[in-house]
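One chain comes next, on its own, written out as C-alpha cells in the form predicted on its own.
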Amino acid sequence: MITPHLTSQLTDLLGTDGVSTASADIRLHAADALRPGRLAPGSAPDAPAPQWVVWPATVDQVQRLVRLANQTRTPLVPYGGGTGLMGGALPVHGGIVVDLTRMAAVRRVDAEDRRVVAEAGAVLADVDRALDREGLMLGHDPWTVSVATVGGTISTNSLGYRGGQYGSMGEQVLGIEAVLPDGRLVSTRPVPKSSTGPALHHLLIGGEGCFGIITAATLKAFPQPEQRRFHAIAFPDFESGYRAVDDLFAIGLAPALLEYGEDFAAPTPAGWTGAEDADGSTELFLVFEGYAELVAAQERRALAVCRKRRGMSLPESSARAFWDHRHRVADRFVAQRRDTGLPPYLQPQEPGPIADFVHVALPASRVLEYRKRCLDLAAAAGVWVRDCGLWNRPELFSLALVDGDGDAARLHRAANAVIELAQDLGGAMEYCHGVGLRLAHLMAREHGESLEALRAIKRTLDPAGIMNPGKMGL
C-alpha cells in the first residue's frame, strides 16, 4: 500500500525526480526478463507491482534509503538492466524497486594495474568502451552486454561468451563496495589474492541483492587481443563433438569462446520418442584470442583434436556470423520492452508452444548419460527438447524444453525432472543466470543443511527481512 508519509520521506531523500508512483514506471519495473510460463503455477502474483520506483544517484542516498526501509519495514528490490531471467528482480512482496542506473559512472581505469572501478548501474558496454581507450577490455561478454549492468551481473554471477578463457563475472571481481541491510557501507580490498580470512565480497557475488546493495566494484581488465581467430566445426553426432571438447580441456586448452550445440527437428510431443530421435545437427563454434603465438598454438592443436573426433571444418564465415550476431537477442529484448512499456512477465502471451531452458553443471563423466536421460524424461513427460549443448566448458550443459500445447504446469514438471536429475548425478542446478524465484523451491535440495547456514547469515545481516525478500529460498 502506498502511504503518503513514506512517499514524502522518499521524495525528501531523493528529490521529486528520484521517486515515482506513476503507473508506467511501476509496470516497467514490475519484473525482469522472466516469462511467467517458466514459473510453477501460483508461485508468484499474476500482476506483481512495487509501490515505488526510486533512482538513487549517490552512495549516501543508497545508505539513507536502506535505513529508511529498515525503519518502515519496507521491502527493497535492487534493479539493474532488467535482463535477469529468473525473477530475481520481481517484487513479490511489493515495496520499493531501487533502480541503480543513475549510478553509472566509470570511476577510474587503472591501466597499469589492469583494473577498472565502475558503479553498479554502469552498463557493461560502456565500461568496455572506457577500457578500450586504454587498450584493455572486459572479460565478461554476456548476450545482454548492451544493457546489463555491473551490479546485476555480479549479483547473479553471470557467465558470458568469453567465459572459457576469462571465467564468470564473479571470477573477475577484485573488490566490492556495498551497502549492507542496516545501511553500513563496506568496501573489500581490491587485490587479486589475499589470505586474511573469508572474503565478504563472495557473499554478494551471486547474492541477488539478498545480503546488500552493490554500489560499485573493482573488476579485472584484460589486454585487447593481438589476434582473434574463428572456427566452426560440424560433427556426425553429439558424442563425437562432446569428446572433442572434453579432450581440449583435458590438456588445459580453453578457447575464449566455446559453444557446442545440437538442434533437433520440431516434432509434435506425440511423435517424440526421446533418445531414439536424437539425430540433431551438431556444430561447434570456437574463438581463440590473445597474443599471436598462443592463438596459433591453440588453433593448431584444437583443430587436430577435432579432426581426430571426426569433426569437419565449416566455412569461417559461419563462425564469424555467430560471433557478430551473439548479442542480437538482447537488442530484440530491449526493443520489445521499449515498444510495449512492459517487462516480458506482463507482456501479452500468445497462445501456442512455450519454452523453458535449463543450464546445469555436471561432472564431465556424467554429461553424455545426462543428455540421454533428459531426452527420455522429456518424451515421457510429453514435451520435447528443441536443442541442447555445452557452453564454455564440457561440464556446463544446457537444453531447451518446449511444450507444444502451451501447458505451463506440464512444462514446469518436465523442467524440474531434468534439473533434479542433474542434482542426483552430482551436479548443480544452474551455472549462468542465478536462482531468483524460478529455482527457489529447489534450494533445499541443492544445498541441504548448508541452506540453513545461508539463512542464518541472512537473518543476522537483515533481521528485518527487507532485502529482496522471497528470493533464493532465503
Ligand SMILES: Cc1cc2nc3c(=O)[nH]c(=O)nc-3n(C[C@H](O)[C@H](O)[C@H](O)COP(=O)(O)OP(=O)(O)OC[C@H]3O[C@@H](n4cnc5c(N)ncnc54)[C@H](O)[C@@H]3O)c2cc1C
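Start at 1 and count along the sequence shown; that's the residue number. Source: prediction; values computed, not measured.
Heads up, the form predicted in complex with the ligand isn't pictured, but that's what we're talking about next.
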{"property": "In the predicted bound form, the one of 389, 142, 91, 255 near the ligand [non-hydrogen atom within 4.5 angstroms]", "result": "142"}
{"property": "The unique member of 343, 311, 163, 209 whose heavy atoms fall within 4.5 Å of the ligand in the predicted bound form", "result": "209"}
{"property": "Which of 415-423, 432-440, 39-47, 402-410 sits within 4.5 Å of the ligand in the predicted bound form, heavy atom basis", "result": "432-440"}
{"property": "Exercise: residue 217 in contact with the ligand in the predicted bound form, heavy atom 4.5 Å", "result": "no"}
{"property": "In the predicted bound form, residue 333 touching the ligand (heavy atom, 4.5 Å)", "result": "yes"}
{"property": "is_contact(residue 85, the ligand) in the predicted bound form, heavy atom dist at most 4.5 Å", "result": "yes"}
{"property": "Any non-hydrogen atom of residue 172 within 4.5 angstroms of the ligand in the predicted bound form", "result": "no"}
{"property": "Members of 144-179 lying within 4.5 angstroms of the ligand, judged by heavy atom, in the predicted bound form", "result": "144, 148, 149, 151, 152, 153, 155, 156, 158, 159"}
